[in-house]
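So this first bit is one chain, no partners, the form predicted on its own, shown in structure tokens.
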Amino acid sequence: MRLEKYIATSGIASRRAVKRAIREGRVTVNGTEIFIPGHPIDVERDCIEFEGKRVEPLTERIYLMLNKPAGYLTTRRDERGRPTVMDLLTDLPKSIYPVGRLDLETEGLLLFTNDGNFANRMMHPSHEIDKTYLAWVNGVPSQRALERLRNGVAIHGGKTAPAKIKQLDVKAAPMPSANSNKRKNGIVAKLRVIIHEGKKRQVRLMFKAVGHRVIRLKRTHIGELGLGNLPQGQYRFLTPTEIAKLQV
């Protein structure tokens, strides 16, 4: 078996993260550092260590969703001691990790697992799994701006794939003044955005490209899986039916 596949299926990290760890010299086989992904191993005889800890075969696969609040980093640990999404998961094995990421101020649906193959499928762009967001933006995008988003716009990291955009609501709302800490009334549009890519800060950068700042962003669905009435900051395990639908 290939080294990165064994580690990923052992529930330590996604295959992408494992490959990065191998290239950085954080993985050993029988005490020898391995730097090239794809290294063959004998799972019955070899001793594999990831960051100094022996890798054991996975005994139980875990799949859950979290309704992430704003203000939490999507990472297992932070060197600066800032709050992470792991702080919201109590009484769970340390082997679970987030599938993909939501940026610091983005809320909503975030998956966790210890199944590397599942995580790889969810994140790999070839599977084109839809992600649905609600975005509240400063001002009301014109029809021309919406068409640009639907056709794809240039952001850092390349042009985005076509998105599905629908304006849901427009209302006056308090917004911070550019010149003071006071708040003033402004126009805020609420839109539903469906994309299948996962570029860093993609939805925020898409709206910035057409002249609108995202005030609030919440992911509500991954594929057909939705948050439902899950309270913010809480998590629940996925049902077998939900897991099967995500793996189709």
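The first residue of the shown sequence is 1; numbering continues from there. Because the structure is predicted, anything quoted here is derived from the model rather than measured.
The discussion below concerns the form predicted in complex with a small molecule, not included here.
J.: Indicate whether residue 103 is a 4.5 Å heavy atom neighbour of the small molecule in the predicted bound form.
T.: Heavy-atom contact with the small molecule at 4.5 Å: present for residue 103.
J.: Quick one: does residue 204 come within 4.5 Å of the small molecule in the predicted bound form, counting heavy atoms only?
T.: Output for residue 204 is yes: heavy atoms within 4.5 Å of the small molecule.
J.: Classify residue 118 as contacting or not contacting the small molecule in the predicted bound form by the rule of any non-hydrogen atom within 4.5 angstroms, answering yes or no.
T.: So residue 118 does not count as contacting the small molecule.
J.: With the cut-off set at 4.5 Å between non-hydrogen atoms, does residue 222 touch the small molecule in the predicted bound form?
T.: Residue 222: no, not in contact with the small molecule in the predicted bound form.
J.: Which residue among 217, 65, 191, 27 has a heavy atom within 4.5 angstroms of the small molecule in the predicted bound form?
T.: So the residue touching the small molecule in the predicted bound form, by this definition, is 217.
J.: Looking at 146-154, 95-103, 78-86, 119-127, which one sits within 4.5 Å of the small molecule in the predicted bound form if you count heavy atoms only?
T.: Going through the listed ranges, the match is 95-103.
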